[in-house]
Structure formats: C-alpha cells, structure tokens
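Only one chain comes next, encoded as structure tokens, the form predicted alone.
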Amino acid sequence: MITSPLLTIDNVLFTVHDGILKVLMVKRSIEPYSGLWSLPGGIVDPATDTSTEDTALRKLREKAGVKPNYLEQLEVFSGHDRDPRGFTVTIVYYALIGYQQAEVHIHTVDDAEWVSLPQIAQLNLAFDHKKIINVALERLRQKTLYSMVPVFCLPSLFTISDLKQVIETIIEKPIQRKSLMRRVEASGMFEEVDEKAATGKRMAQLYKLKDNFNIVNFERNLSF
C-alpha cells in the first residue's frame, strides 16, 4: 500500500483502421489487475523523464512499440478509488494517429492491440480506464468538428473521400462534402499531387499535407 500519492501517466491513442475507430490497449501481466486490458502508461521516473510528456512517449515505446507524431494533454484524474494500492494521480494524454502495428517491449505487458470501441464497452478494464477513454473520445469528437486533427490518421497520399470517411467514423454522423471542401481550401494545409486514385467509375484527386503544416482550428463546426 502506497503512503503518498503516486504520479502516473496514461495514453489514449485512437486510430481509424478498416473503417472502425479503435483504441490502443495493453494486457497487464502484473498486479494489480493482472490479465486485464488497460491503457498504455505507467509511473513517472524522475531519473530518466524530463517531462510528463516524455514519460508518455517512453511508455508508448516500451509497452506497445508505437511512436505518435503528437500528443495532447487531456485531463488529470485522481482519487483513492482509482488504484487498490492507494491514492493516485494520472495525467492523461490523447492523440489520433495513423494505424501502426503494436509490439510489446516490456515484461509488464502480455499483449498490445488496437481494440474497437464496441469491444471496449464489453470488456472489464483495469483501473478507471473505461471512464478515461469515454472522456478522451468526447474530446476527440469535439475537436474533429472544429479542427483538422483527423489528418493525423491519413496515409501520405489521400483523397477528400478518405478524409471524409475518417471524420464520419469518429463523429458517427455524415457531413456535407461541400462544407469539408471549404475547410480544406481555407486551411492551406493541403497540396494536390499529380496523381489520381480510382474510386469506382471515376478518378479522384490525390492530396498530401504540406511540409511543416500547422493544425488549423475553425470558429464553426462542420455542417451535417
């Protein structure tokens, strides 16, 4: 039993794979909650970590072999009932990333997988990680409506339909294509390439992200 608050980091990484929104989960091999799925994270190590974000990236590398291009701080969760060892404080980071194969690199984890949201709803997760995922999901959906964050989930070359599908998968609603096109043009983040992709009976223009682009936020949400 710990006698002083324990500072930990948890990561909620989302991806869209095969048209399904998924979360990166790891299966614990040690107590507490050995054998249960949890978010990749762990205890801050002051001897090696220069910041809590450094801890987050280290834990993702160790526990799942995944390296996101960016992380955003979500929220702080704390309390006596989060962990059977005692009072804990966790700083949660979240991100939407392109699909990456997960691999276990540490003995405290048996498995690492991308798990769909419907599957997560049926699982008994460690700690309060189901609550954390729900909070992160709501934040991701809100941000998807007013920013270009979904581009982090796209391949290097993509169509507007690819972007539209990612957005609709995240928010679970259809959006107006013309509204999305206006957003693409206004953002200044996209560049047409001299290639097209076959989409059914027509050829669709391929795009790429400009070098050193910045994520653009908009005053209004996307139109449905």
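What you see is a predicted model; the values in this text were computed from it and never measured. Numbers follow the displayed sequence, beginning with 1.
Another form exists, predicted together with the DNA; not displayed. Remarks below refer to it.
K.L.:
Is the DNA in the predicted bound form near all of Lys178, Arg183 and Gln205, within 4.5 Å of a heavy atom of each?
P.N.:
Yes: each residue has a heavy atom within 4.5 Å of the partner.
K.L.:
Residues in which of 42 to 50, 170 to 178, 66 to 74, 22 to 30 have heavy atoms within 4.5 Å of the DNA in the predicted bound form?
P.N.:
Answer to the contact question: 170 to 178.
K.L.:
Could you tell me if Leu6 has a non-hydrogen atom within 4.5 Å of the DNA in the predicted bound form?
P.N.:
No, Leu6 stays farther than 4.5 Å from the DNA in the predicted bound form.
K.L.:
Closest heavy atom of Thr199 to the DNA in the predicted bound form, within 4.5 Å or not?
P.N.:
Yes, Thr199 lies within 4.5 Å of the DNA in the predicted bound form.
K.L.:
Even though the DNA is not shown here, does Ser34 get within 4.5 Å of it in the predicted bound form, heavy atoms only?
P.N.:
The answer is no: Ser34 has no heavy atom within 4.5 Å of the DNA.
K.L.:
Quick check on Ile160: any heavy atom within 4.5 Å of the DNA in the predicted bound form?
P.N.:
Because a heavy atom of Ile160 falls inside 4.5 Å of the DNA in the predicted bound form, the answer is yes.
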